[in-house]
Structure formats: structure tokens, C-alpha cells
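Below sits a lone chain in C-alpha cells, taken as the form predicted on its own.
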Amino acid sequence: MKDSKYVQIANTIEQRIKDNQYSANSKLPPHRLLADEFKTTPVTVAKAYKLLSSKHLVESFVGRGTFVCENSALNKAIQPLEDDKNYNFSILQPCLYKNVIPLKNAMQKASEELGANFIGYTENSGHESHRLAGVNWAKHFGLVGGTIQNTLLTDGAQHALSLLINAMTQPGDTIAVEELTYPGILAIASLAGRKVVGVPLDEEGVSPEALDMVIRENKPKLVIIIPSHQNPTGITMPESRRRAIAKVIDKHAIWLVEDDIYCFLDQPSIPPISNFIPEKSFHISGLSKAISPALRCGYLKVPECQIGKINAHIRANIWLSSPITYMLATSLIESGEAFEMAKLQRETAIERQLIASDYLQGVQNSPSGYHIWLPLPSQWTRERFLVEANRKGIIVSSGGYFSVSGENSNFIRLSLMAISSEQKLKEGLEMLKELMLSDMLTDFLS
């Protein structure tokens, strides 16, 4: 049975809020304006607003209008796996069931080695053996110049990003990011009161010419780049592009933050941008995508001149990351199991990309990436597609969540790894294929 007109309008407005088309605290259009858009009456729009208000998505004020309530798009872009009933294509994580047994074994081994020296405070950002493991992890995937002095420990890559934004910029400063980027970066910048400017992408990633222009015009203090299997586009920069980006950064008074969390998916490894400008770059790697999001282990290589400053921020922020967690990570790295687990996830990603290509047309992907960046057919708007997908138990991430400008991007991002079994993945992809080929928009507007 088709929903009432006001429910359909409410669903569309809700999706626009999720996509940041109507941003937090912004004023919604007047009733009459939306009534003209949806070919209905102001009374029907008022009922839609009332429904949205009951869901705490909007709030109305007499004489002022209706405003969007504060809500983070990050929560919508990345929806945790509460159960196995839905087809969750929204969250980028490893196929976790493949890593359970090695993790159990490593935890048992780490517990046997636990002593008083690992359950107290320590100097700097963690024990030397744990930082050395981080050096070896990043080195295995192409980073050079890492040492136990310049490699610091954080509570995952997200913590490292937040740490650097707060340490290296001030409220009101501008940060340059890819024009389509990981929404966690946008959330950090918003909460920290930093301005964000997007840098255009081409088929090889951030455009050097565009980056140079953005730096000249906006004077950002930081530029944050995801060089491998970029989230959400899936682009991996070739070495030549990385060298070109390094040259642009080197000639400006700006710091690079290289979020290299997907470096383990490259085969063969590609030199990080940080290799070419070690004194102007911060390099982030970690284990959350290769092994488990619960393993909050981030390895942050910093310029020699910034070691003291970043260590001070870590101490003021968390004092130190849990040595117990890093015992587990170090055990996995030293035994070589971490690299085998990462290899298994890369092989699984390759298999799942091949499966996806059998079902979906127009895929923009990396052959070994965790996700695909999928354009929607012309008959679909992004907001309506997400509504219909959710009704079928299919959870995807709207392209709007990743846009710096908030402009429409008629794409969706699909994670291929969070769904546990290949059979269920195929079922979900088949449902997505059927939905994309259908035409619900005409019915919606009728």
C-alpha cells in the first residue's frame, strides 16, 4: 500500500537532511514553496513537518519557521551491524569472521606475557616494542623513515586525525580535503570549528593543479589526503601523482596529513606521499581495516620537529593508548600473522569485487578495494533510492554524505565486506540490481 502524500514528502525531506542538503540548524523552505515542488497543498507539507518533528529531526518556532535539528551525517553514513537481518552495505570493515580465530590465539598469547610493566603508565606515547611494531607494519607497505622515536601510538586512525586537526590548526583555520571525502574528517572539522575546503579529483585522485590553486586562494593550514582506495571514490593514486602532490605541498606553508589506512590493499605497495616530504607530512596507518575495528591501534609517523608537540597533545588528550591492546597488535605483527590476515582480506576484497561486477553496471571501483562508488540510473534521485532500499532492508551510504560542498552527487557507496557470507552478499546485490532497474520515481510523484 502506497504511503500518504505527506509521509512521502517527509521521507524525502528526511533523506535530504541525511544527505546534508538541508544542513544542521538550517531553516527549511516555507510550506508553500515545498507545496509547489511536490504539487500538493501547504497543509500537506505542514503535516509532513509535524511528522518530522515527532521524529526529532526538525523543530518549529512561531514566527521564525522550521529548522533542522543538530545531527551528524557520520552516524547515517556508517551504520553499525546491529543484527544480521539487513543487508548492510554501509560500513567499511574487514570480513570479521575470518579473523576471529587468529585474534583469539593472539589474545591468549598476549595474556601469558602480561606483566606489571604493561599495566601502568609509560613515557611518550607507548612502549618501544609497540612503536617498533608500528614501524614494521608501515614499512611492510612502503613507508620509509619510520623509527621508534617518530612513530607514535594513537587510539586508531580516527583519533590520529582528530589529534592532528586540533594540534596543528586553530579554531577558524581552514583545512583542505578531497571534494568527496570520508565523513569522519568532516565531522571532526565541524566539531572543532575548522573550515573545510574541497579539492577537485580526477581519475588519479587529487589534482595537483587544483590543490595548488586551493592553497593559494584559501591558505589552509592542513591538507588531508587518502591516497589508496580513497573513501568514497575508490581511487588509488599512482606513484607519479603522489610525487606531483608532494611537490605542490613542498612549495607552500602547509602540512600534509596522509590517511593511509587502506595501504595494505595495494599490490604491489605504492610509496606513500610522505616518503617524498617527510618533514612536512604526518602519515597514518593502523589495523582497524586490515584486522578489526575493535583493535584501536593507530600508528602515526610525525616530522622530527613535531614529535614533542604531538606527544604533549597525546598526553593531554588520553595520556597513552592501552598497552594491553598494543600487546595484542604487536604479537600479531611480530609473528607475521597480521600480514597474513591483511593478505586474506585483500584476497577476499578481490573476490567480492568480481562478484559485484556480475550484478552491477557502471561500477567505479578498485579491483582490491573494500567498496564501490556506484552511479544511480537517471530515473532515480539519491534520496528516493535510499528510502526504497531501506524499506527492503538494504542499507547503503548516500553520496551526499561525502560531499564537502553539500552539492548533489547521484552516487551511492557500497561496502562489499561487512556482509558475512558470499551468498548473502549475492542476495543483496541481486535486490539492489532489481531496485536500480525499477522506476519508483513516477509512482512517487503520481
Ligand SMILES: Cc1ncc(COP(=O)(O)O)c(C=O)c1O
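Don't overthink the numbering: it's just position in the shown sequence, from 1. Because the structure is predicted, anything quoted here is derived from the model rather than measured.
If you look for the form predicted in complex with the ligand, you will not find it shown, but the lines that follow are about it.
In the predicted complex, P208 stays away from the ligand, with no heavy atom inside 4.5 Å. Residue contact with the ligand in the predicted complex: A157 places a heavy atom within 4.5 Å of it.
When contacts are judged by a 4.5 Å heavy atom cut-off, S288 counts as touching the ligand in the predicted complex.
At a distance threshold of 4.5 angstroms between non-hydrogen atoms, C263 is out of contact with the ligand in the predicted complex.
Residue-level contacts in the predicted complex: of Y326, F89, Y182, F282, one residue has a heavy atom within 4.5 Å of the ligand, and it is Y182. The contact with the ligand in the predicted complex, taken as any heavy atom within 4.5 Å, belongs to N231 out of S274, N231, T330, T151. Annotated contacts: R16, A48 and E383 are all free of the ligand in the predicted complex [non-hydrogen atom within 4.5 angstroms]. Look at 253-261, 142-150, 310-318, 120-128: in the predicted complex, residues with non-hydrogen atoms within 4.5 angstroms of the ligand sit in 253-261. Contacts of stretch 295-313 with the ligand in the predicted complex, defined by any heavy atom lying within 4.5 Å, are made by R296 alone.
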